[in-house]
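Just the one chain here, the form predicted alone, laid out as C-alpha cells.
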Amino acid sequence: MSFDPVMAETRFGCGLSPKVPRPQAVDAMIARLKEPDAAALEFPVARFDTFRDTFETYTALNRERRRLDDAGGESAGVREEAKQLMQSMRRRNLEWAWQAMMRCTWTRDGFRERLAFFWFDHFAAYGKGRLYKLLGSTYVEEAIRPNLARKFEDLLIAAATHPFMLLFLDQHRSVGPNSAFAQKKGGTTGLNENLAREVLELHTLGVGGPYSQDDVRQLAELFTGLSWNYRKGFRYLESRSEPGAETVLGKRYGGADGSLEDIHAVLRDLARHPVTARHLSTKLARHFVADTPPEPLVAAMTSVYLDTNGDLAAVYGAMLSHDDAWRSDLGNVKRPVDFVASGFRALAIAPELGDSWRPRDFRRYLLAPLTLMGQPWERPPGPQGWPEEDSQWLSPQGLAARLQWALSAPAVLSDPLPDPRAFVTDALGGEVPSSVTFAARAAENRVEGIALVLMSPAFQRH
C-alpha cells in the first residue's frame, strides 16, 4: 500500500483536523522532525532545570515550618506561603497538560507529538514527592523532545542521566561500596541497581537480552557518581564513584577513577548494540502499526538502525517507507491520551478556552477522564511504561469512561458543537463506514451525534 494522507494523520499522527492540512509524503513527515519544534514554540512548557529556585524556596519554607513547630512558634504564615507555592505549581502542571493537548490539536507535525509520547513511555518516570510529581512535562521538554530525531544514543544519554530519572530510580543515592564517600560514612550507604537494570532491561537490550546480573552490578557501579540537587543542578560526584574499571558485556570502562565520560561511553555502546536495534525497531513498529508487527517491517527498520548507528530519523523513515506500515488490516486501539487528543483535534478546540478554565475544569474534562480510562496523565504504572496490547485498553470500565467523555466533554470544549453530518468526515476522512454515517445522520441531537462518531470503532483505532 502506498502513502495515504488520512492514515498518515490517523495512524502516525494525532488524528484528522478540519483546520490543519494533512502531510502529503513520507519525506515531508521526516523533514518536519528535523525542523524547529514549532508546536513547542507556540504552546510552550517550562524545562526542568528552571525550577531549581522553586525547589530551594519550597525546601526552605518546610525547614522553617518544622523549626517553628519544634520551637513552639507561630508557623501559620510559613505554611500559607508553602501552600500558595504548591497551588501555583499545580496550576502550571494543569496548564502544561492543556498545552500538550493544544500541540496535538494544532500541529502540522502530528508524528512528532506521537513520538514524544512514545519516548516518554519508553523512558517512563514519574516524580516522587509533592513538588517533583508535578514536573513530568518539564522532563519531556528537556530530555525527550530535543532528541527524538537524533541518534538514539543522544536520547538515551539525555533521558537516562536526567535528574528526573535519577530521582525516580533513586540513583542520586547510589554510592560505590569502595568510594571515598562510603569509606567516610563507615558503610552506611549502598549501591542502587535500579537505573542500571532499567537501562539494560527496558531502555536498550530489552527483557531477555544478552546480559547477566553481573553486568547489572558492574553497570550500577559505573553509574555511581550521577547526582543532582536543587542548588547545583546535575553533577558527577567522583567521591561517590566506585573506583576501578567495570566490565559490561565483556568490555572494560573506566580506570582508577570514574568519570562521566565513561558513563556516556557505555551508554553509546549499548545504544549501538544489534539487540538494542532489534528491540527498539520492534517496539516502534508495535506501537505505530500493530501489536504483532510484520517481520519484514521490523527487519527493515533494524537494518537501517544498524547501518546508521541508531539514527532515529532514518529508522522512522524506514518504517514510514515500508508497505506494511500502511496496511489497512493492521492498526491499534488508541490509548486514552491518543483518544482524547484526537478528539480535541477533530473538534479543533480553541487554545483560548484554557485561559478561562479553573483548575477543576482541567481536572473534570481532561485529567480525571484519562484516569478513569486507565491512563493517568504522566503517571505510568512503573519504569516499564504503559502496556501496548490492545486488550489492555478495552476494559468495560475504560470503554465506559470513554463514552462518558464523548457525551459530556465536546459540548463544553466546542460551543457550538459541529453538525455530526460534517463532523463524521472531519474526524474520519473520506472513506467513512456507512454505519457511522447513518448513525451521525440519525442522531437525535448534536451531543449524541458527536459521541457516536467518537465512539465508533473507526475513530477508536489508529
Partner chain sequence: MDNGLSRRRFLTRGMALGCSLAASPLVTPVSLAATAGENRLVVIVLRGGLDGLDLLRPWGDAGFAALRPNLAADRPDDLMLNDMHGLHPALSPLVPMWRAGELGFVQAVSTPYRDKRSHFDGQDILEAGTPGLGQGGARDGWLNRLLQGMDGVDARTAYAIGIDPMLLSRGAAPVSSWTPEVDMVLSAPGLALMQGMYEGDPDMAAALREAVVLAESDGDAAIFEAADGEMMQALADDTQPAGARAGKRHVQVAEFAARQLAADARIACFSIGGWDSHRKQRNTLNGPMRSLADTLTALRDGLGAVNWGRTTVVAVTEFGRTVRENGTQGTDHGTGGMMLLAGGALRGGTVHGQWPGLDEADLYQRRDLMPMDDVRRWAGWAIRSSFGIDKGYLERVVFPGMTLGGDPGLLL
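On a predicted model such as this, the values are computed, not experimentally measured, just so you know. Numbering follows the first chain given and starts at 1.
Same protein, other form: the form predicted together with its partner chain, not shown, and the subject of what follows.
Visitor: Pick from 115-123, 262-270, 308-316, 190-198: which stretch has non-hydrogen atoms within 4.5 Å of its partner chain in the predicted bound form?
Guide: After filtering at 4.5 Å, what remains is 190-198.
Visitor: Does P296 make contact with its partner chain in the predicted bound form, using a 4.5 Å heavy atom cut-off?
Guide: Residue-level check for P296: no, no contact with its partner chain.
Visitor: Tell me, yes or no, whether L452 is in contact with its partner chain in the predicted bound form, where a contact means a heavy atom of each within 4.5 Å.
Guide: L452 belongs to the contact set for its partner chain.
Visitor: So, in the predicted bound form, is A245 in contact with its partner chain at a 4.5 angstroms heavy atom limit?
Guide: So A245 does not count as contacting its partner chain.
Visitor: Would P396 sit within 4.5 Å of its partner chain in the predicted bound form, counting heavy atoms only?
Guide: Yes, P396 lies within 4.5 Å of its partner chain in the predicted bound form.
Visitor: Exactly one of L413, A40, M29, V436 has a non-hydrogen atom within 4.5 Å of its partner chain in the predicted bound form; which residue is it?
Guide: Spelling it out, the residue with a heavy atom inside the cut-off is V436.
Visitor: Give me the residue from R379, R358, K185, K251 that has a heavy atom within 4.5 Å of its partner chain in the predicted bound form.
Guide: Only one option qualifies, and that one is R379.
Visitor: Each of M7, A60 and D323 having a non-hydrogen atom within 4.5 Å of its partner chain in the predicted bound form: is that the case here?
Guide: Heavy-atom distance to its partner chain in the predicted bound form: none of the three under 4.5 Å.
Visitor: Pick out the residues of 407-444 whose heavy atoms come within 4.5 Å of its partner chain in the predicted bound form.
Guide: Contacting residues: L407, S408, S435, V436, F438, A439, A442, A443, E444.
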